[in-house]
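Have a look below at one chain only, the form predicted on its own, in structure tokens format.
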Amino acid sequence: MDSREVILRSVRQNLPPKVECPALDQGHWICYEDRVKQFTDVLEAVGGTCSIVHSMDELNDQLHQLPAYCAAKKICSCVPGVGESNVPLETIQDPHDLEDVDFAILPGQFGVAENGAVWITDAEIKYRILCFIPQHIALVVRAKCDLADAIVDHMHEAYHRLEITDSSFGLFMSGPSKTADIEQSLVIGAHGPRSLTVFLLEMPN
């Protein structure tokens, strides 16, 4: 018997006892007293930033204060009335032409307090690559009533809120691109956006 078989035999003989999966309808899911604060704190912990704004004018004012936005040469906005887009998506035929976009402004559907993630779909985004290829990304999450309605407590609740059709695309984005595989050092923007700013917009529809 070679060493491989010895190891596998030892593993088989020392398997942990089977445990029944918990019933989801009886779970005591984590809830936060202040979902907005929890979302903001977690997002900042993973390298992103969150700003609460109460009007489109305030949103644009804060956007123009971001160094990454001010330095951007190519800006693509998929949120009407936000930012000064100079990349006309209607003329783009090949997604590869978006490879040099510096700053993208995209609509987010809602946030998750547990992990600082934002659910994004392609309903208002012509090219999905805009979620990954720009140097910097800003997400605009509009609150229908108050800010707390734009944030759910945890992922279990988030999946209940999803509206997915056969042709739709979606993803959860939490913070900018990052990796800690090399020497256990956190590197921001290793293989994607170097910054992520989330604007929580509290205003009537």
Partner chain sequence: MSHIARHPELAAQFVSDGARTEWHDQALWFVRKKRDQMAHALPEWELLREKASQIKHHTMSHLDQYLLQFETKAIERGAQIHWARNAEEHNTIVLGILQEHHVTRLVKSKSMLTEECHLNPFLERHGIEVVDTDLGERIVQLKGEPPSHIVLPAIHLKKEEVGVVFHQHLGTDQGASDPNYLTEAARKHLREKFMAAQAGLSGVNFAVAETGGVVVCTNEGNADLGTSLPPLHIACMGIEKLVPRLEDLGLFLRLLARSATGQPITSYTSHFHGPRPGGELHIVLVDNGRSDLLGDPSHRRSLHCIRCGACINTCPVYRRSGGYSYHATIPGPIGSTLGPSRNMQDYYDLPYACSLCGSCTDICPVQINLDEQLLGWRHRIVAHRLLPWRKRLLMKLLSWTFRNTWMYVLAGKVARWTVPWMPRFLIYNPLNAWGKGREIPRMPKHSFREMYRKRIRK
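Since the model is a prediction, treat every value here as computed from it, not as a measurement. Take the two forms, superpose them, and find the largest set of C-alpha atoms that agree within 1.5 Å; that set is the rigid core. Residue numbers count along the first chain shown, from 1.
Form predicted in complex with its partner chain: not shown, discussed below.
Checked against its partner chain in the model of the complex, the candidates I30, A148, I52, M56 yield a single residue with a heavy atom inside 4.5 Å, and that residue is I30. Heavy atoms of H96 reach within 4.5 Å of its partner chain in the model of the complex, making it an interface residue. Residue contact check for L8: one or more of its heavy atoms lie within 4.5 Å of its partner chain in the model of the complex. Taking the partner from elsewhere, H156 is found to have a heavy atom lying within 4.5 Å of its partner chain in the model of the complex.
Its partner chain is not shown here, but in the model of the complex it comes within 4.5 Å of a heavy atom of I164. Along 1-24, residues S3, R4, V6, I7, L8, S10, V11, R12, N14, L15, P16, P17, K18, V19, E20, C21, P22, A23, L24 each place a heavy atom within 4.5 Å of its partner chain in the model of the complex. In this overlay on the rigid core, R194 has a C-alpha that sits less than 2 Å away from its partner position between the shown form and the other one. Relative to the superposed core, E20 shifts its CA atom by 2 Å or more between the shown form and the other one. Core-superposed comparison between the shown form and the other one: the CA of S185 stays below a 2 Å shift.
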